[in-house]
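Shown next as structure tokens: one chain only, the form predicted on its own.
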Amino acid sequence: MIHIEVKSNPEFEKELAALGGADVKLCFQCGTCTASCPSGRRTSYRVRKIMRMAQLDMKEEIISSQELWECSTCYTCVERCPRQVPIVDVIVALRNMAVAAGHIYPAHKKTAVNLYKTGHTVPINDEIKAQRKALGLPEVPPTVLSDSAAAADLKKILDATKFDVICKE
């Protein structure tokens, strides 16, 4: 018989709860989430595994794993969970922990930097402006790019939530 020693980590549990993942303990590992997950059909992602690791306080293993980022946040798991566990909230909480600990992929960081600098996750370049014009649209969409007040409001929100921390080297 194999014995696995599981040590409780109350700090991890408090941190996860504070970020919106307290209900992870409600999961009874039925596997409905994994069986219905569209991402799991195409990747190694197994939401049940992540949920179990969170229940076992395996913070470092979770926040450094690629699997954490394979969830598309489609909410299929939440809709089908017999215990109504807010699984996506748990995943988002774990991702927030990962980012806070410096575990962020370069592509995600680039997206965050673009959002912080321009208000868009994908910058509007000359090619996109030309395509928009050819379609009879304004070159710049009616978003924060063309509304300085909205851009200032977004910047205030990003600064208030310390979003800029993600963007630093």
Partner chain sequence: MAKYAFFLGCIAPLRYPGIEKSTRVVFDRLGVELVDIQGASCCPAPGVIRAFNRTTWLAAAARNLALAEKMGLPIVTICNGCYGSLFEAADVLAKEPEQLAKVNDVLKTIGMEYKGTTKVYHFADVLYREVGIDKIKAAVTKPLSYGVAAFYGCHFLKPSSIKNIDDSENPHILDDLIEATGCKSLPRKQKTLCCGSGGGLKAAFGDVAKEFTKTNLENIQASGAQFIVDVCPFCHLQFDSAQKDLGFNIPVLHLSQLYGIAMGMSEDELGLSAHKVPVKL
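By rigid core we mean the largest C-alpha set that fits within 1.5 Å across both forms. Positions refer to the first chain, counted from 1. Keep in mind the model is a prediction, meaning the values are calculated, not measured.
From this point on, the text means the form predicted in complex with the partner chain, which you will not see here.
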item: Touches the partner chain in the predicted complex: Glu15 (any heavy atom, 4.5 Å); value: no
item: Any non-hydrogen atom of Ala150 within 4.5 angstroms of the partner chain in the predicted complex; value: yes
item: Residue contact check: Arg46 to the partner chain in the predicted complex, 4.5 Å heavy atom; value: no
item: 4.5 Å heavy atom contact, Arg132 and the partner chain in the predicted complex; value: yes
item: Partner contacts for 108-122, taking the partner chain in the predicted complex and a 4.5 Å heavy atom cut-off; value: His108, Thr111, Ala112, Leu115, Gly119, His120, Thr121, Val122
item: Residue shift check between the shown form and the other one, rigid core fit, Lys155 Cα at least 2 Å; value: yes
item: Post core alignment: Ser64 C-alpha displaced by 2 Å or more between the shown form and the other one; value: no
item: Displaced residue check between the shown form and the other one: Leu145, CA, 2 Å or over, core reference; value: yes
